[in-house]
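One chain is shown next in structure tokens, namely the form predicted on its own.
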Amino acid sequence: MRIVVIGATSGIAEQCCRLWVQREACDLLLVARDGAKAGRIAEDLRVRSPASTVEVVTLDFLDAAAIGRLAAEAALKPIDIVLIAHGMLPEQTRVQADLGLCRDTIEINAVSPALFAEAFAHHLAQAGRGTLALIGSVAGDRGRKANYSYGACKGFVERYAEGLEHRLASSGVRVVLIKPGPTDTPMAASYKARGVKLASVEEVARISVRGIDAGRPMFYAPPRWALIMLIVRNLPRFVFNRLNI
């Protein structure tokens, strides 16, 4: 199985890779901004699965030309799965106070995933096969004062995935959107420090791999967030605006 992982240093992405190589030998292309960290992950995967091949590529995640070249080179061999998993989650108060950080948050969480998705969707559609999976978030379901900059980006990713699914519906390519709740990864360290209950990265990765295997268009991880966010989405404004969430 050939798998391309964008944002391979993501905690969820790393755990997904471990699950994939655990069950079969894989040809993995890990794409990251932090080459040293990605290299350590690659070495760990090689130890876990000596029969697997693991390559690391680093690039500017906002360089459209570089992203296009990466996708074209990766597609020289058939691709089974592309997982787009990168992101950043700064405190909302910091984003409000720093327009540069606001721009970075939007570019990394919204613009960059769209560029990667478009680049790989083109080659998967030409091949008529493969799965394009994107990690969204429950935060994208409704704008909340606690994280509306990040949440707006994840809402954008959801609409983008929905449009790609519609475009590729008859192509043989499956588009999958994964919507994790708060997960125990380094990106959510501030949530953990405040005592927020977090799902384990192992649980979220298991659910994600199963959903990708099944080609499910959208799912929550863990599934309980589907009910939670159904309630949140449907709260009347006069109630919602009084909540400290």
Partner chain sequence: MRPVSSWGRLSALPHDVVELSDRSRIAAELAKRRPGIAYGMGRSYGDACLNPEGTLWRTAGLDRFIAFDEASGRLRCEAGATLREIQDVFLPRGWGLPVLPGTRFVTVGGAIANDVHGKNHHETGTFGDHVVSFTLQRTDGEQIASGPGERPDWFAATVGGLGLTGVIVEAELQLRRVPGPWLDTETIAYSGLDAFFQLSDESHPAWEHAVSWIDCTWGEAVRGLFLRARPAADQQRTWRGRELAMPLVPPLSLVNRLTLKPLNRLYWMLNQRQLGRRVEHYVPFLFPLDAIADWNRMYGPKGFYQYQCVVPRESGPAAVREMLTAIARSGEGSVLAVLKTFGERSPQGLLSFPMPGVTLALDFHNHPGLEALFERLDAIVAQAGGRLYPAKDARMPRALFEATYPRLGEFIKYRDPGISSAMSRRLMGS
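It should be emphasised that the depicted structure is a prediction, and the values quoted were computed from it without experimental measurement. Residue numbers count along the first chain shown, from 1.
Although not depicted, the form predicted together with its partner chain is the subject of the following passage.
Among heavy atoms of A65, none comes within 4.5 Å of its partner chain in the predicted complex. Within 4.5 Å of any heavy atom of its partner chain in the predicted complex lies no heavy atom of R216. Proximity of V176 to its partner chain in the predicted complex falls outside the 4.5 Å heavy atom cutoff. For the chain shown alone, R69 is not a contact residue for its partner chain in the predicted complex, no non-hydrogen atom being within 4.5 angstroms.
Only one of 216-224, 24-32, 188-196, 53-61 lies within 4.5 Å of its partner chain in the predicted complex by heavy atoms, and it is 188-196. Every member of the trio E14, D44 and V47 reaches its partner chain in the predicted complex with some non-hydrogen atom inside 4.5 Å. Taking its partner chain as it sits in the predicted complex, the stretch 16-38 comes within 4.5 angstroms of it through a non-hydrogen atom at R18, K37.
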